[in-house]
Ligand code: ADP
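We begin with a single chain expressed as C-alpha cells, specifically the form predicted on its own.
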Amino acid sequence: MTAGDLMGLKMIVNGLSFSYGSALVLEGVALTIAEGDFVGIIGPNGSGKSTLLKILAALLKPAQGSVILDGRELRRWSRLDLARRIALVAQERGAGFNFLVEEVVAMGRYPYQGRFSAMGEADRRAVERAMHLTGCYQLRERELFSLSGGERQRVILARALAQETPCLLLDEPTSFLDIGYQVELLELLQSLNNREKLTVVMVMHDLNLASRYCRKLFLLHQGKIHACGDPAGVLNRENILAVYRTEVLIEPHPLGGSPQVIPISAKNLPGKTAYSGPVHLIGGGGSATPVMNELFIKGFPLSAGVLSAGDSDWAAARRLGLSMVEEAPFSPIREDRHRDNLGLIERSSAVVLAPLFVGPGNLLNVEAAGHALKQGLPVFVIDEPSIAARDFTGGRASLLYAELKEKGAVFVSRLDLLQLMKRDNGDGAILSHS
C-alpha cells in the first residue's frame, strides 16, 4: 500500500494563534492545504514556521483557532488514526538509542501493527521500498550513531515514507544535506507528489529551492502570513524587502522560469544619497543596465525611460521594480510616451544618459536629456564609445550631444560617474554636482 492508495487529504487552518508563555508566536493564521499540494512554509528565523508545522502534526495545541483534517478537528483524531494520515520529518536532533538503520526505518510501520505483532510481508516491502527511495538501503546494517548528519536525515525520511501516509510534513529536510542530496531529496518528493498525489508540506529556509519545487508558498512574518500563493506571486522584491529586510534581484530560473532570489548585501538598503529624488536613466538596448545595477546596489532610487518593452534595459528596470516609461517593441517613441518620460525627469534629481545607439525612432530620448538641463537638473552623459560611433540619424544625434555639452552636461566614463554619484557613507564625502 502506498500513499496514493489512501483517501485524499485536506487540511484547513482557521484563525490559528499560539504562544510560548507570554511570547506570541503565531497570530490569526489561516490557510488551506489540499490533496496533492506541494507547499513551502518560508520566512525568517523566529517567524513561527516550525511552530506552525508542529501544530499541523498535532504536537502542539493552538491557543486559539482550529485545524480541520478531512472535516474533523485535529484534536478529535486518535493518535493511531492520525499516524496513518500524517508523517512528520522533524529536524534531525540525534536519537536516544543506537538502533540499526533498518530498525529505525521499520519504526514507521507502527500504525499498522499490533502492540506485540511481528512485521508482515507488507511491512517488509514498505521498509525496503523506503530505504531504496532515500538511498539508504546500503546502510541498513549500520548503527545510527555511525552515520553522518546527512545520512541520518535520509534515514529519518525513509522512516516517514515507510509510514505510508497521504501527507508528509517536513521541517528543514535539506538542512544537513549537501547540494547533490538536497536536489535528490526534493526530486524524490516531487516525484511522489506527482505520481502518488502525496501531499507535501515543508518548512524551508532556501528560497530558491522552495521556489523551484513548491507549487504553493506561505510566507510568514512575525507570526502572521505576509503573503501566499504561487512562487511568482510570493517571491518578489517587495515581499523579500519587507520580511527579510534585504534587497534582492529576482531572476527567472533558466529551466522552468521559477523566480530565483539573488541577495544584495543588507548594508545596501536604500538610504540617504546626494539626491532628494530618483536618478532618471535614459538608455535602451542594454546600454543602461550596468550603471542601473551599480546605482541600485549603492542605494540610489531610480527611474527610467523611454525603454522598448522586451529589451534588456527594460527587463533590468522591471526586475528592479523601477518606475519607467515603456514603448512597444521596434516602434518609434510616440509623443505621449515622450511626455511621460519628461514627467519622470521633472520628478527626478539627476539624469544619466547611457551610451545608447541613436536612430530616428529614439532621438526623443536625447532631446529629453536637453529638457532636464532646462529644468536645472544635473545631467551626466556616458559617451563611451563616442556618439559618432552610435549615431544613425545622419548627424542629428551628434549635434544634440554637442548642445548638451555646451549647456553644461557632464561627460563622464561609467567609473567616473559612480565616483561623482557615490552614496553618502556618513563622512560627508559627497561630491558637488556643480
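Source: prediction; values computed, not measured. In case it trips you up, residue 1 is the first one in the sequence shown, and so on.
Unshown form predicted together with the ligand; subsequent notes refer to it.
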Checklist entry - Among 36, 44, 370, 65, which has any heavy atom within 4.5 Å of the ligand in the predicted complex? => result 44
Checklist entry - If you check 9, 421, 25, 16 against the ligand in the predicted complex, which one has a heavy atom within 4.5 Å? => result 25
Checklist outcome for this item: Here the chain appears without its partner; judged in the predicted complex, the stretch of 370 to 378, 397 to 405, 45 to 53, 383 to 391 with heavy atoms within 4.5 Å of the ligand is 45 to 53
